[in-house]
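Only one chain is shown below, in structure tokens, and it's the form predicted alone.
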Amino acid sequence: MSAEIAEVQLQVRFITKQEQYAVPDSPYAIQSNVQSSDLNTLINALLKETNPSIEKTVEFDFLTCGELLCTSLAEHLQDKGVSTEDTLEIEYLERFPAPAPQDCLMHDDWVSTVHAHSNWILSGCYDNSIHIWSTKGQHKLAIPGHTSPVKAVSWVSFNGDQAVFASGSHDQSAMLWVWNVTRNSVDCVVTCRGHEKGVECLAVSADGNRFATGSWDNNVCLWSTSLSDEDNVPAKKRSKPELGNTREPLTILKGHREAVSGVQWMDFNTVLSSGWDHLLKLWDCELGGLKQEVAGNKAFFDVDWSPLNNSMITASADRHIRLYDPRSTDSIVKTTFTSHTGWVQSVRWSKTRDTLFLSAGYDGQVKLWETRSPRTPLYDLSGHEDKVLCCDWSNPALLVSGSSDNTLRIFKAKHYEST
């Protein structure tokens, strides 16, 4: 970087959406080689002048040219190709503290899948069991039933005292379960059979009426979540003892050439799937056909979709996380996030904030990201001692992650509650 860029004087204007921290919007002259810490000192000094009621020092992040400032301002501007002669707008926002470790929940084997909702957490394990936990770390139930590792779990619905959830396993089946919360008893009501190899992933539609499964047989299957068989394809006669009625898929979506690693519902008629064949596919559930296909350059291990920002994020074998905008007419990869040192196994968007997501990887790390900071995660959530296989948000203030170190970890992030 040339010396004259580093020492230029800049005219800047500070803006914020957090009105309690607003400072006068007149331009200020600053040196271009300042860092975030220098800007923090300046904003706090201005706040003390204009708003003496703020007694504590507030930590801020700074957003300019669409990205959080992680280097000196001069480097940031040079990287973005922005002139130092124009008045620069710098937005500042309160920096949240790191999520704090809350609980470490022990399992008897690898924790392969987790889904959190409200006060409850489901986890699936390589010892074929499913577990229900409270978000305060209380173990409610260990549930046998599958005959191979459980690779996917999801809550379907909560209705008073009754909760319904689904599970998928390498035993080639998915199951629908009913949990009576007061009695703390669980029944498998339906066993779903239609895959010829293990079930790897599962997602429930927003209205709770259907769920999708992805499998090592390269197919995506759609199923009804109804607990009765009246509104389903006829239940097959039992040829062998099964848990509950046996159900066949409503639709089988064929097109992936290798294992399906992730499924998500984008709307009531569109399912998104990721595969080891380097492809993302958007399916029309009504027609049972393909809407759109996106080719990646490595195997995809997971995908998540956010209705808040209409974007997809993917976990991949090349250590990178990519953000895709499926509506884009030019480059469909909008941003690449690089910090993991091993395979990225799981990615999950925040349910309440459109710029935050979690990632979990084989490097033992869980990372909390801000989409406007692609080079550096906001925080590394350490604690796991081996590969992290799954992560999720409990809406919206708890982060959960499961690992091959046999633990499920809960992190408290109360500052992320506001939208």
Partner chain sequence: MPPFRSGLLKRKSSNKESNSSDSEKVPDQSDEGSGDEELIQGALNGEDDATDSEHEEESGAASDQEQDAVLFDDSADSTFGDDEQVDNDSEGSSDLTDSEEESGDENDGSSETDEESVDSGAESGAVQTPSGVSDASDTEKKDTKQKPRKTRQAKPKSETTEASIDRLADTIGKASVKTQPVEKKDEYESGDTSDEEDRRTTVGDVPMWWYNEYPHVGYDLDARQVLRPPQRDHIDDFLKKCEDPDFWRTVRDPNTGQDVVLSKQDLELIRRLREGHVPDPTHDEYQPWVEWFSREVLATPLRAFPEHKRSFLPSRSEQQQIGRIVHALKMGWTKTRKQLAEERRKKREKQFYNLWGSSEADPAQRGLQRHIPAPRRALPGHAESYNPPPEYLLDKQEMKEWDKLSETPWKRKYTFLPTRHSSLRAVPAYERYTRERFLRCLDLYLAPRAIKMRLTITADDLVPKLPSPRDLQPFPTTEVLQFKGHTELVRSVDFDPTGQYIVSGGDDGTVRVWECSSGRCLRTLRAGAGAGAGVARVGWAPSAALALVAAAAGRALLLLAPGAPAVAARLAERTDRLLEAAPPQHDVTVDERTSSCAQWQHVAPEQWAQGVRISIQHFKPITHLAWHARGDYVCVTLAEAASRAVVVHQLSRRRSQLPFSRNKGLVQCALFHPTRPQLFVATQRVVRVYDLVKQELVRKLLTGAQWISNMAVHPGGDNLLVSSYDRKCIWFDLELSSKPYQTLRLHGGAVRSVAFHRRYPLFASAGDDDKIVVSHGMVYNDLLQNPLLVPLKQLRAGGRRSELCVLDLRWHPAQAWLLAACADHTLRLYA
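Positions refer to the first chain, counted from 1. These numbers come from a predicted model, not from an experiment.
The next section is about a form of this same protein that is not shown, the form predicted in complex with its partner chain.
S.K.: Which pick from 158, 96, 120, 216 sits with a heavy atom within 4.5 Å of its partner chain in the predicted bound form?
M.R.: Checking each option against its partner chain in the predicted bound form, the one that comes within 4.5 Å is 216.
S.K.: If the cut-off is 4.5 angstroms on heavy atoms, which of these, 80, 183, 254, 197, is the one near its partner chain in the predicted bound form?
M.R.: Contact check passes for 197.
S.K.: Within 4.5 angstroms, counting heavy atoms, which one of the listed stretches 305 to 313, 147 to 155, 204 to 212, 131 to 139 is next to its partner chain in the predicted bound form?
M.R.: Contact criterion met by 147 to 155 only.
S.K.: Would 110, 258 and 278 all count as contacting its partner chain in the predicted bound form, using a 4.5 Å heavy atom cut-off?
M.R.: Yes, the whole trio is in contact, each within 4.5 Å by some heavy atom.
S.K.: Hey, in the predicted bound form, is residue 115 touching its partner chain, heavy atoms inside 4.5 Å?
M.R.: No - in the predicted bound form, heavy atoms of residue 115 and its partner chain never come within 4.5 Å of each other.
S.K.: At the 4.5 Å heavy atom threshold, is residue 348 in contact with its partner chain in the predicted bound form?
M.R.: Residue 348 lies outside the contact set for its partner chain.
S.K.: Would you classify residue 28 as touching its partner chain in the predicted bound form, given a 4.5 Å non-hydrogen atom cut-off?
M.R.: Residue 28 lies outside the contact set for its partner chain.
S.K.: Residue-level question: is residue 387 within 4.5 Å of its partner chain in the predicted bound form, judged on heavy atoms?
M.R.: Looking in the predicted bound form, residue contacts with its partner chain include residue 387, since a heavy atom lies within 4.5 Å.
S.K.: Along 287 to 314, which positions have a non-hydrogen atom within 4.5 Å of its partner chain in the predicted bound form?
M.R.: Counting only heavy atoms within 4.5 Å of its partner chain in the predicted bound form, the contacting residues of 287 to 314 are 299, 301.
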